[in-house]
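In structure tokens, one chain follows: the form predicted alone.
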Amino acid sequence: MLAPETNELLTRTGPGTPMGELFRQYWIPALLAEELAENESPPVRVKLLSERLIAFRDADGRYGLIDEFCAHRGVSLWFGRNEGAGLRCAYHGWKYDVTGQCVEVPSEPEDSRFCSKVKLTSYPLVKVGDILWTYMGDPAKRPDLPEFEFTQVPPEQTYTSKRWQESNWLQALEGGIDSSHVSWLHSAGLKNDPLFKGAKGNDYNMADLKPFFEVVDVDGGLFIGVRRNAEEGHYYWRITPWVLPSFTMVPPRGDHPMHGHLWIPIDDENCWVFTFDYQPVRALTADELQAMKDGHGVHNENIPGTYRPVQNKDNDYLMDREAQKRGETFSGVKGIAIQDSSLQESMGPIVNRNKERLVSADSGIIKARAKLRAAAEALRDEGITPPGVDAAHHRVRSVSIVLPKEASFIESCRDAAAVSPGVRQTSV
């Protein structure tokens, strides 16, 4: 169980909260690059860490992320005209550039300097990979840009999607570092999903339903090792890296693409899930890419024109009780991503962790909570930079491997768990 005050600390991410300030130490995903694909494309509403913002791309291709509301009368700039070097409010024509600086107030005399005194809150917006990232903290402490491997490989080797999840960010993250549910909730996917099926590791997953967890501290977060029985004298290990605050990677299966998530708070009761797949040494095949776009693997199908899943709580995630009874899916919900989000949303917007009863298979979750709490308190009380800010901490990989029983997974997999450009992933 988790004390209510600790749960409050870990789940609240608005301005001025300890966890909100922690998130503001990092570059975090704001939106997909496809959402601002062209110069002067329509502005996009963005809500992050309980702040309402507007993203736009001006005529020169510069990205801006500014306060949603015009300084004049508080009108949403989503209605604004993206023209030339700025975004013009539809109400009275006030215009702002990508830094939030007001550059024109049409009603003022030509020699007026009034607009120079008006500046909206703004944050940098930078394209790395196929994501637009922002940094919402102290500009003097801005870290280096992200270096997660999926953002560094050529475009033909990577694909990213996103979805809106109607739950607090933490219960979503906790699903991302929980390996024990795979053999149950996703058992059908191991057999049938085109981005999962056929791997030898799937057999080990299904044959041993009592995984043993070993969690190791590393500079940027944790390596969560989960072992199952394999051939005689050997264990099958699945190693999940977690980099603070919210980057997780799913251990690979066979030659299928590697994949993972970034879990980003919209507000205290909703989060964005940015989901990536990539191959370190080759282009994604046409079949792999199509499977991702069709919502297979760890992706999902969204309502056209939105990032809300087609399967959502308003339609009970299109649950099929007959498919559940026949064993086609364990929960009756189709798709690995929505199987996760449906159960995480079912906990309520913020789960009451004072009522939970954890077991040994939850050791990764327990340690992650402790590390998050320690990082947030150290930042609040002593100004200590948290783990995961340094781009060197991003150069990690997930691993699946068969090792002799006497072998240490962390010592045996140190090289495999580090990014090595041009080297294939270690996978079973």
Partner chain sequence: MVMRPTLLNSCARAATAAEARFRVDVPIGGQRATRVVALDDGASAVVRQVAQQKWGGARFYTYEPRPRSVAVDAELADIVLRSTDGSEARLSEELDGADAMVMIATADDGAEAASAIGNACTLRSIMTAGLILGEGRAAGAAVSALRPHARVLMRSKDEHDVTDVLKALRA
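The shown structure was predicted, so the numbers you read here are calculated from the model rather than taken from an experiment. Positions refer to the first chain, counted from 1.
Here the subject shifts to the form predicted in complex with the partner chain, a form of this protein not shown in this document.
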Run the contact test on Asp60, Arg113 and Asp390 with a 4.5 Å heavy atom cut-off to the partner chain in the model of the complex and return yes or no. no
Tell me, which of Asp219, Glu231, Asp294, Asp144 has a heavy atom within 4.5 angstroms of the partner chain in the model of the complex? Asp219
Scan Leu318, Val153, Ala199, Val128 and let me know which has any heavy atom within 4.5 Å of the partner chain in the model of the complex. Leu318
So in the model of the complex, does any heavy atom of Ala418 sit within 4.5 Å of the partner chain? no
Does the 4.5 Å heavy atom contact test between Pro211 and the partner chain in the model of the complex come out positive? yes
Does any part of Met1 reach within 4.5 Å of the partner chain in the model of the complex? Heavy atoms only, please. yes
Even though the partner isn't displayed, in the model of the complex is Trp169 close enough to the partner chain, meaning a heavy atom within 4.5 Å? no
Partner-proximal stretch of 394-402, 364-372, 26-34, 66-74 relative to the partner chain in the model of the complex, 4.5 angstroms, heavy atom: 364-372
Residues of stretch 337-365 in contact with the partner chain in the model of the complex (4.5 Å, non-hydrogen atom): Glu345, Ser346, Met347, Gly348, Pro349, Asn354, Lys355, Glu356, Arg357, Leu358, Val359, Ser360, Ala361, Ser363
